[in-house]
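Below you'll find only one chain, the form predicted alone, shown as structure tokens.
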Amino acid sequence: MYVRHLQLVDFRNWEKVDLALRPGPTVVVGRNGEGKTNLVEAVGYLATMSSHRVSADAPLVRHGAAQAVVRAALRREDRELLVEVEVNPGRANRVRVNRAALPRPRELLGLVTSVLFAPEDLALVRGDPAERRRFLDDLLVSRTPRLAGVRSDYERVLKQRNALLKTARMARGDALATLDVWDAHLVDLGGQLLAARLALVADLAPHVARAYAAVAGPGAAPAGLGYASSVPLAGNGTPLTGGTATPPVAELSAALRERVAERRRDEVDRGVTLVGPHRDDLVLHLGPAPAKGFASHGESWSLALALKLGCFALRRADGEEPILVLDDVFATLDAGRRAALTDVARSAEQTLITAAVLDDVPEELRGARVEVSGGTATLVETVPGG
């Protein structure tokens, strides 16, 4: 898959931009603050319906504008797709594919596939569990779009249940009776999410291990992935492998139901849901130790990169050819990591790279070049190796 043409209207700092793109590597170069990252952020938004930089849509709309538009012509194997998203903060976004409106914006998920690596990804190793849960769930939805509904419904149930728990201490009778209904929804949706996450971690782990070995070089401790859950059956953080069996949904739901019952008193006392996928964590390992708190700065960068390269390899194994987006990362990588990333970037059908200085980008990736300056983005060079 690749983006053939990208048009933005009132997206971030761009009042309007029309940009022709090509397969292979393209370097988007310009000074900081000119809007390089905003261009590739728009491509990522088409894939995930979210930004890798902010949690809400409002910052994506140019100051003074009511909405933003991201429009892209994409080539997917032998098909041409025209995708258009209207970003409407405070209101429902609108999505069209080949000029036909989709009933729900989330139906776009899975149609555009991209993998993005950015400096913010260091938080996947050093940040809070919420960062890693979002990483897992975004990848889940990319592989299995129907899970977007499960994820959304789980978050809605969780919000309603937490609101009810806050009032349960003062009105135990009616509130607790209603709580049983929300428990049933939480258990059903939570079991589905747990099963999907566990299967994903087991599928992803071998790809991350291979990517880390390539990035970190000989002698490095092996990388592993585990899943730590508030439901013991779902995992205690021990590294998983491709052959790890995932408990069935019914068993996970039953185990979640049991834990919810066990923690009911604590939940009522504290006014918050203490059990479920929203409390879990993806555990990253280097050798026998968890990476968080033990990995050096260099090891953390290698592991963050390996996670994203593992995603890229997994999506290829699924039969997809993701757009690879590398946002301002080459200047922060040493020679070994640059070489490993360059090998993958050269193999992608399309790689979009941002850099403040062209010399930061390996020469093998200096194919097409887009120059960003003064509110314009111009394709100025299309000679490979230039």
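When you see a residue number, it is the position in the sequence shown, counting from 1. Bear in mind that the values here come from a model prediction, so they are computed numbers and not experimental data.
Same protein, other form: the form predicted together with a small molecule, not shown, and the subject of what follows.
Residue contact check for Asn32: one or more of its heavy atoms lie within 4.5 Å of the small molecule in the predicted bound form.
The closest non-hydrogen atom of Arg346 lies beyond 4.5 Å of the small molecule in the predicted bound form. Taking the partner from the other structure, the small molecule in the predicted bound form has no heavy atom within 4.5 Å of any heavy atom of Arg338. Among residues of the shown chain, Arg369 is not one whose heavy atoms approach the small molecule to within 4.5 Å in the predicted bound form. Not one of Arg4, Arg22 and Thr113 comes within 4.5 Å of the small molecule in the predicted bound form, counting any heavy atom.
Shown alone, this chain has one stretch from 313-321, 53-61, 357-365, 329-337 that lies within 4.5 Å of the small molecule in the predicted bound form by heavy atoms: 53-61. Residue Thr37 is the only one of Thr48, Thr37, Thr342, Gln350 with a heavy atom lying within 4.5 Å of the small molecule in the predicted bound form.
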